[in-house]
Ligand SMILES: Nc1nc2c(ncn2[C@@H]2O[C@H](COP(=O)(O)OP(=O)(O)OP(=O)(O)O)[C@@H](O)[C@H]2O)c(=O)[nH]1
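A single chain comes next, written as structure tokens; it is the form predicted alone.
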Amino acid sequence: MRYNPFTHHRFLTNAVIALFVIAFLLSAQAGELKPLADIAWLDILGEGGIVLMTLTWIAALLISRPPGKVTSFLVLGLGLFMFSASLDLFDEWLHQPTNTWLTWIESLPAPIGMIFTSLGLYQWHQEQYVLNRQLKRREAQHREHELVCSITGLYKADYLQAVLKEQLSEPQPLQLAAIDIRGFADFNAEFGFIEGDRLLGEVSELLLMNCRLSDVVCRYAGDCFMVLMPNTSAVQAKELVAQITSALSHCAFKVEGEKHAKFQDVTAALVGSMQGDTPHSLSSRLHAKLQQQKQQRVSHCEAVS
């Protein structure tokens, strides 16, 4: 999720802007413009680069992080460092009189800012530790953000294929399940893509809640999810899939603006690995079985009607 610095972080954004403006006003009020011959352009390039990069880091934090203690410490710390760096930059343009108060103002904010930044980094470390424990349910051994579905937070099909290749090389029973949400296209058409994305997110959370830490859950395509169950027998996998489908079928999803909850119709298929299997052959066999299950349900509905 991306955040708007001027709405989600209004105080921090205004504080950073104010620090930069104050640095400029202090330098302009106390100094006189240097002749061009006295300006050290290399120093301006170096100190200006520091100010620019610090502002870039601040902008990245404001855009990518939610409001909170960690964000406040980091942004304020970098803001104070930027304040000192800005005074150094403006000194290259302006002759400054020997004023003790201006020297103190230029020197103090940077170390104070480093203290704030250090506190923020420590809090960030604590936050990341908790998040890493939660992410154990979403990943196996790798962490590549470009392989993650932004809607569900689960890994995509490419990641599943990579993990399958690793797991199939191990001498262990391996089960692969597919979970398909029936009628998802109709749901999108009736309630819109925003509600559809929210439904996929809720389905992902339910899948994770009903899987073990050793299982790998991925969004395979559209409304189809896959669960990789290493070192699992067929009997254990069937029980797990039954629990998953039961949880999804009984989930009362509340659509925005609707009085009644929507319950999902789920189709599931399960296959076990065989000797000589490849990720492609195992996935293809599962896909064929899923299509067979769908066709059987359609035929059954037509026969009943």
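Predicted model, so just to flag it, every value in this text is computed and none were measured. Residue indices: 1-based, along the sequence shown.
From this point on, the text means the form predicted together with the ligand, which you will not see here.
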Would you confirm whether the three residues Gly77, Glu106 and Pro111 all fall within 4.5 Å of the ligand in the model of the complex, going by non-hydrogen atoms?
no
Contact with the ligand in the model of the complex for Leu200, defined as at least one heavy atom pair within 4.5 Å: yes or no?
yes
Even though the partner isn't displayed, in the model of the complex is Gly196 close enough to the ligand, meaning a heavy atom within 4.5 Å?
yes
So in the model of the complex, is the ligand close enough to Ile151 to count as touching (4.5 Å, heavy atoms)?
yes
Does the ligand come within 4.5 Å of any heavy atom of Pro173 in the model of the complex?
no
Would you mind picking the one in Val235, Ala185, Met209, Ile115 that has a heavy atom within 4.5 Å of the ligand in the model of the complex?
Ala185
Where does the ligand sit in the model of the complex: which of 221-229, 85-93, 120-128, 156-164, heavy atoms within 4.5 Å?
221-229
